[in-house]
Ligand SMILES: Cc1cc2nc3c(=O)[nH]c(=O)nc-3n(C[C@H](O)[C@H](O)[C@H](O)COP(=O)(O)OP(=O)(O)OC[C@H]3O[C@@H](n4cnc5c(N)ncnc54)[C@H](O)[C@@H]3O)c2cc1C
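The chain that follows stands alone, in the form predicted on its own, written as structure tokens.
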Amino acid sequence: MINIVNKQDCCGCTACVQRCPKQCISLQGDEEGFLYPKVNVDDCIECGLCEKVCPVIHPYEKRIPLHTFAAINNDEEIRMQSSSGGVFTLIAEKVIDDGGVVFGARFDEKWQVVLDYTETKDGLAAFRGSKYVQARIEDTYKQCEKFLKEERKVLYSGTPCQISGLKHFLRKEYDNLLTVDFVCHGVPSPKAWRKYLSELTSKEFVQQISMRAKNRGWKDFSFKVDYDKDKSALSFISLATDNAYMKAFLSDLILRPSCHSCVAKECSSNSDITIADFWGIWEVNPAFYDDKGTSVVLIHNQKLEAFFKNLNLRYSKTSYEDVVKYNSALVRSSRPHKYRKLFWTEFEETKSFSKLVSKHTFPRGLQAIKYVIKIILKKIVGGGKINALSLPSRINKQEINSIYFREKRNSWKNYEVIIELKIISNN
């Protein structure tokens, strides 16, 4: 039976939970907020299915894609709503046009991330854009299998380990299944995300939030606070380097332990298509770089080359080597942060998530000197943060009205988030 001794040996795909014939495996959260399977030994019949469907115990072979493309959705509106070049939406729309079902990640009512499905094009909007939190898979593997057995076309999208988990769960190939994963840096802790949002909505004076936007150029570094008195809402944009949650994510403080020894790197998830930002496109193919987002598309299934080329997009063939050169997460796992263990030791007792992140990510030694010089230069050149006096004098209560990870109006290269807070009462 499944018995997780080393947490690096569980990616949280839940294939074991959903495949268990006795339903005697449950998920339990640990001190970092990640879910792990726990077997009720009294009900277990020791059939071994939980181990047979585990993608960590039985990883797929590493692969080199059959075809590699740079691609851009011709629909500019959809492209701007997407993290990169908007290719996922084109693939998903085609599946729905054929009467199919599309699985993807969305926010739930509490702004946590879950995997869900839609049968309509309107439902795809919730799946667009990056969401830097480990998603709850729920029973979507079972739902996917049900649709497949009904002979409906299914597109299932997720992280490489989630796709690998699905393929192991199904234990057979389906001609009506299309799987799409993406180049993954790692999945952050839902517990860290909850704490961050809790602090955000409880502060008397609202602080900044960030992740990525594109309207002033991919390379621009921006900070913006808007207050709309008529709508009683505050919107915040700032750089990921100023945002505590994104800083923790990008510095590998809050990733799942398995992300530091990922078994699904080098296209070994067994997906049909892999998509991602085409970092380095400005060097590889400047004609496909306009600072609005370009996708890299790796095709692993020969049957899908014609399918891809018939979509409403601009595309150009490129080399896998160029993709790897600028997208190292495709082949290498993230290294754990030097102070990761200490960070989580102090997590429960901290009064401020933001301060704890700053404490363990603040530059040291030569990095600190470079950081100070950079700050001084920025002040000499000009700019700076908006004055807090321009905000309402006091905010008694706030709720999150919307969240957009990597909203692109400020630039494709800026990892930013826009979060709108609805003011419930204001003096």
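Please read these numbers as outputs of a predicted model, since none were measured by experiment. Just count from 1 along the sequence shown to find any residue number.
Heads up, the form predicted together with the ligand isn't pictured, but that's what we're talking about next.
Visitor: Check each of Leu253, Val187, Val95, Leu356 and return the one that places a heavy atom within 4.5 angstroms of the ligand in the predicted complex.
Guide: Looking at Leu253, Val187, Val95, Leu356 one by one, just Val187 meets the 4.5 Å heavy-atom criterion.
Visitor: Can you pick the one in Met246, Val87, Ile281, Ala264 that has a heavy atom within 4.5 Å of the ligand in the predicted complex?
Guide: Among Met246, Val87, Ile281, Ala264, a heavy atom within 4.5 Å of the ligand in the predicted complex occurs only for Val87.
Visitor: Which one, 305 to 313, 164 to 172, 326 to 334, 141 to 149, holds residues whose non-hydrogen atoms are within 4.5 Å of the ligand in the predicted complex?
Guide: Result for this chain: 326 to 334.
Visitor: Does at least one non-hydrogen atom of Thr201 fall within 4.5 angstroms of the ligand in the predicted complex?
Guide: Answer no; every heavy atom of Thr201 is more than 4.5 Å from the ligand in the predicted complex.
Visitor: Do Phe288 and the ligand come within 4.5 Å of each other in the predicted complex, heavy atoms counted?
Guide: No, Phe288 is distant from the partner.
Visitor: Flag Ser130 as yes or no: does it have a non-hydrogen atom within 4.5 angstroms of any non-hydrogen atom of the ligand in the predicted complex?
Guide: Close contact exists here: in the predicted complex, Ser130 approaches the ligand to within 4.5 Å, heavy atoms only.
Visitor: I'd like to know if Ser271 sits close to the ligand in the predicted complex, meaning any non-hydrogen atom pair within 4.5 angstroms.
Guide: So Ser271 does not count as contacting the ligand.
Visitor: Sequence order please: the residues of 269 to 297 with a heavy atom within 4.5 Å of the ligand in the predicted complex.
Guide: Ile275, Ala276, Asp277, Trp279, Ser295 sit within 4.5 Å of the partner.
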